[in-house]
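Quick heads-up: it's one chain on its own, the form predicted alone, in structure tokens.
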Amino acid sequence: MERSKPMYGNGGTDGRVAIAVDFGGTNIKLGLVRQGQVVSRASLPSYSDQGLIGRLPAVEREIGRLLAERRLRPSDCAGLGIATPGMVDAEKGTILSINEKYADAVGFSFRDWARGAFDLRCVLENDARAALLGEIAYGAAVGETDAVLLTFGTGIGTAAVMNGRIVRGRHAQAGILGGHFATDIRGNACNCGNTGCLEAQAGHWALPALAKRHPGFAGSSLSRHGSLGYREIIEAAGSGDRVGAELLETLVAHWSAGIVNMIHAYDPETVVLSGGLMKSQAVLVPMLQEKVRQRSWTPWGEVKIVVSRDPDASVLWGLASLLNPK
């Protein structure tokens, strides 16, 4: 007689499922991860300007739905991993400081929430650090011990691993502020309080003002767009629009300077590029590689530049790797 299938299970020899939640600025990405495979995923709007704590009931419901679809209970899982922007205290599971998004979550105990909602242990990590850990565990940088990541979204997030260990620093800010390394000391004011940050010169949020300051903007095809982002500028440049081409040249100069800053600061062998900008990797990566080769001081050889194959999964992978170390 055939034995009935269990209603619940943790996957046996396949390893325990990790619940991963990535609180992004636009969307909250959720996933169930088993041995590097995102077996279920979902997304919710973040409304990050309205805070994080008010979104937790919706997150709880969505996690419950994902578990139910897989016929899993929380007790079948290895734990709950959470990634957020900002400076986090990974040991205490709290956010120390965050810029604009999710400001109400500073000091909030994610561990207490995870214990109360699911009776699970919880790990908290900065989103860029989690993404880099994910790329090293299962993505474009598998096995690397010395690597940096730059992810181009609304802002520019960064992280570094040296000698196989994530770089944190005494105050939890080392490695994650590459988007706020200045690439023009006389440049634009940044929302962090600095001047000329990479984000303020070439981040997605800075592009509309950057384009409108160009003296030829009114006569450019870019002036006909209701909103301006990476895609519009790259497409304009590709179509022969002079303003688009000049803006792209400026952006590439700043992006490559940001990469070189990360190389000089953290001595990686591999640079991982991620985020929405990499949808145009065929156009951009050769340009960035050439400028980085020209400008970086690496007498030992050339730094390898790789692109994430699944940017939406890398943070989820990284959180899973913290809950289920290899």
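The shown structure was predicted, so the numbers you read here are calculated from the model rather than taken from an experiment. Note that residue numbering begins at 1 and tracks the sequence as displayed.
Missing here is the form predicted in complex with a further copy of the same chain; even so, the following discussion is about that form.
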query	finding
Among the candidates Ala103, Ala117, Ile234, Leu177, the residue which, in the predicted complex, approaches a further copy of the same chain to within 4.5 Å (heavy atoms)	Leu177
Of Ser220, Ser109, Thr154, Asn194, the one that lies within 4.5 Å of a further copy of the same chain in the predicted complex (heavy atoms)	Asn194
Close approach of His264 to a further copy of the same chain in the predicted complex, 4.5 Å, heavy atom	yes
4.5 angstroms heavy atom contact with a further copy of the same chain in the predicted complex for Met87	yes
Non-hydrogen atom contact Gln294 with a further copy of the same chain in the predicted complex at 4.5 angstroms	yes
Non-hydrogen atom contact Glu60 with a further copy of the same chain in the predicted complex at 4.5 angstroms	no
Within 4.5 Å of a further copy of the same chain in the predicted complex, all of Val167, Phe181 and Glu269 (non-hydrogen atom)	yes
Stretch from 71-79, 238-246, 185-193, 220-228 whose residues place a heavy atom within 4.5 Å of a further copy of the same chain in the predicted complex	185-193
Residues within stretch 248-266 having a non-hydrogen atom within 4.5 Å of a further copy of the same chain in the predicted complex	Thr250, Ala253, His254, Ala257, Val260, Asn261, His264, Ala265, Tyr266
